[in-house]
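Below you will find one chain, with nothing else, as structure tokens; this is the form predicted on its own, and questions on how it binds or moves follow later.
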Amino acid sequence: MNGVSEEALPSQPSVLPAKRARATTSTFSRVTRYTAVRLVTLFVTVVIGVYLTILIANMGGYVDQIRRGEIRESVGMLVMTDPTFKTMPTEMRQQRIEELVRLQEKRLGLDRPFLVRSFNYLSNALSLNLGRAQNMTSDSGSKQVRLILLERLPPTLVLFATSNLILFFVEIFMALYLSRRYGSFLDKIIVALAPTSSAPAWFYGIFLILIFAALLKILPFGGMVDAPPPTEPLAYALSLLKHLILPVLALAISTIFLSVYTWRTFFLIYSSEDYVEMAKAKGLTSREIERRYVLRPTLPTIITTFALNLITLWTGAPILETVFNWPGLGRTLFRAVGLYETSVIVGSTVIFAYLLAITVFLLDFIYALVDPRVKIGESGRP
């Protein structure tokens, strides 16, 4: 018919598998290309962030001068206390001092320019060779940065995992409850108390210590457990819970009202969409509407906040842990800054940078799983 044989016409069943194969190949190629570009971009970001941390922690090389001064001071104290130096002639004693100073500077690598050493620091940091600390030790006496950080990780996880994660879910459910009762008395109270979150947790911690520890004397001033620590597991757990009350309460006061207000406003925006009104007209229950049309569209935001809450556990809260004398990562980092312990500062930053980069990378794929509108690798999308 029309000069075209039937053999020349493509059969429909053979065309569809070919189209599906081309579509699958195109999708795989797009995702692979996106993954490679994303990994390279995140790695370059981590490298730049870590190198800037090295420069800042070393004050652009000024810490070298501080360490040289400390070396001369320690050698000078040795000369004053060692009787063998007192019997030496002045010129020989001065030569001996200079020799000891040079040996100490060489041991610390101060005989090389800081710019050269900064790239060595960067290479070691990126390979997780965190090195040894100069002025800090772990409780076991080790100077390895890895052990110093890992030793302080459990107290930070105990405090912030129990507070931030519990508060996160409490805030979500409270916000959902208030979104159903917009304008109620409780809603107005939350809105009125939201500005209290402008003050940090350690600010409220100081007042809580003054009230419950100094005046009422019903809770401890700080620390993780009583001194000496109880030997029985149950007594140890009760002591830990008692010491957790004030820091957790300080964290709750500083975050819960503003977070509930933010999430409640977020849920209200989605509750006012046209498709929600259509669902109500169809007769769906309020629980089904919340689950399908309010919570599901907000899943990417909820997952992002939850994941970032988990990652920030690594940094702890330096001032809060210092106020409550909590032996966590935050307090360790605070001490490291005061002691110019650049290896601990850089080591903590490197681990946080890697955790953050991995989280950001995985979130892109999680978005595509929970939200069908997200297409990985397409223009204008993750």
Partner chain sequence: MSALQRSFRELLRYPSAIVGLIIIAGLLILSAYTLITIPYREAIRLWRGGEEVWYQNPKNAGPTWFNYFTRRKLSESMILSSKEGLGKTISQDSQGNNRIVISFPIDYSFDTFPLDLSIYFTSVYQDKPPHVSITWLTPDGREIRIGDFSVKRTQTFRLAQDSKLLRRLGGQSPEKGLFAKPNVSPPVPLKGEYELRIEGFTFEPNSDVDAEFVVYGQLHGLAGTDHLRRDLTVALLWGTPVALAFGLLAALGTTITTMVIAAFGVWFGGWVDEIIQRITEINLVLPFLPILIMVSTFYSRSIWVILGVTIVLSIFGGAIKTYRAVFLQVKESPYIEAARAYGASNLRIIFAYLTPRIIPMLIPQLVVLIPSFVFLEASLAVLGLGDPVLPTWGKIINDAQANGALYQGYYYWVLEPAALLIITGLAFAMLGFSLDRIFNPRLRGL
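Numbering follows the first chain given and starts at 1. Quick caveat: nothing in here was measured; it's all calculated off a predicted structure.
Beyond what is shown, the protein has a form predicted together with its partner chain; the following relates to that form.
**Q.** Contact segment among 231-239, 268-276, 299-307, 169-177, judged by heavy atoms lying within 4.5 Å of its partner chain in the model of the complex
**A.** The contacting stretch is 268-276.
Q | Contact flag, residue 165 vs its partner chain in the model of the complex, heavy atom cut 4.5 Å | A | No, no contact at 4.5 Å.
Q | Distance check, residue 81 to its partner chain in the model of the complex, heavy atom within 4.5 Å | A | No - in the model of the complex, heavy atoms of residue 81 and its partner chain never come within 4.5 Å of each other.
Q: Could you confirm whether residue 200 comes within 4.5 Å of its partner chain in the model of the complex, counting heavy atoms only?
A: It does: once its partner chain is placed as it appears in the model of the complex, residue 200 has a heavy atom within 4.5 Å of it.
(Q) Please tell me whether any heavy atom belonging to residue 327 falls inside 4.5 Å of a heavy atom of its partner chain, as the geometry stands in the model of the complex. (A) So residue 327 does not count as contacting its partner chain.
**Q.** Contact residue in the model of the complex, from 114, 293, 204, 212 (heavy atom within 4.5 Å of its partner chain)
**A.** Of 114, 293, 204, 212, the residue with a heavy atom within 4.5 Å of its partner chain in the model of the complex is 204.
Q. Taking its partner chain in the model of the complex, which residues of 328-354 have any heavy atom within 4.5 Å of it?
A. Contacts from 328-354: 333, 334, 337, 338, 340, 345, 349, 352, 353.
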